[in-house]
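One chain follows as structure tokens, the form predicted alone.
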């Protein structure tokens, strides 16, 4: 009885979850993010390329927070990391994030699922330029979750992100 109830609940959840096609739409604008690795949904061979409109079309949020990189609280807005992982059908446990200057950091997938980290694309309502750590800056909700205020999460907060490999 318990198994049947659990199986029925699982089926109901999957039936209500939006499904993504095997292929994502092709970017119409300049590609700003390439996602590769253990992903099911692609649009360029084995990778998923995103332009800014595609990224900003994912479920997102604003984070108003203090951080080591800015004076005072700033408003960062962008897609949730979890929404990006869902869009590409990610199945790995870790992310290798690479920046435009080839800086690399590793982020557990659980950070995106449990901490509501975003791929910030705007800062105080303006698109993030490369000069302002854009076009994509991984931001954690430091003020909402004070336990994230440490060197581990600061090191995972990559800016000028160009690619993410799921493994």
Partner chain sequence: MLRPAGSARPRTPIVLAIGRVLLVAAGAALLFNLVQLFGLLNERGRAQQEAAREDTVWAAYQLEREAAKLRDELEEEQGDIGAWIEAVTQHYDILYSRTGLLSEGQLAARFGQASELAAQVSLLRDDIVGLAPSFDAMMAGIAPSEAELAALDRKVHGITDRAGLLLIATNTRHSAVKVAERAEVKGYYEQMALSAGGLASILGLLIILPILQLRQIRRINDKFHRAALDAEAGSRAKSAFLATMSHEIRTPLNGILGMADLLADDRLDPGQRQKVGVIRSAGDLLLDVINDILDYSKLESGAVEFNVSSFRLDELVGVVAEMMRPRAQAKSLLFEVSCPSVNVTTDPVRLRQILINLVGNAIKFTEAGKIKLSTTIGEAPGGVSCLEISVTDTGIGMSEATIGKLFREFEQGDPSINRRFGGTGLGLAICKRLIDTMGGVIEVTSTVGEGSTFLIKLPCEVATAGPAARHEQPQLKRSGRVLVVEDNPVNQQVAEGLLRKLGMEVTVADNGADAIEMVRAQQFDLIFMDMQMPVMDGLSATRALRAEGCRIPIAGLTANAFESDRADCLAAGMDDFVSKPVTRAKLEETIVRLLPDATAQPALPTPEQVVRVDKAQQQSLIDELGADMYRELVQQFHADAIDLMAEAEAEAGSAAEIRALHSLKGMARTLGFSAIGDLAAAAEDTAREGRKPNLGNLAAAIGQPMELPSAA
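Just so we're clear, the structure is a prediction, and the values are computed from it rather than from any experiment. Numbering follows the first chain given and starts at 1.
Just so it is clear, the following notes concern the form predicted together with the partner chain, a form of the same protein that is not shown.
- In the predicted bound form, at least one heavy atom of residue 154 sits within 4.5 Å of a heavy atom of the partner chain.
- When contacts are judged by a 4.5 Å heavy atom cut-off, residue 132 counts as touching the partner chain in the predicted bound form.
- Contact check for residue 45: every heavy atom lies farther than 4.5 Å from the partner chain in the predicted bound form.
- Proximity of residue 100 to the partner chain in the predicted bound form: non-hydrogen atoms within 4.5 Å are present.
- Contact with the partner chain in the predicted bound form, judged as any non-hydrogen atom within 4.5 angstroms, is confined among 45-53, 32-40, 66-74, 113-121 to 66-74.
- With contact defined as any non-hydrogen atom lying within 4.5 angstroms of the partner chain in the predicted bound form, the contacting residues in 134-149 are 143, 149, given in sequence order.
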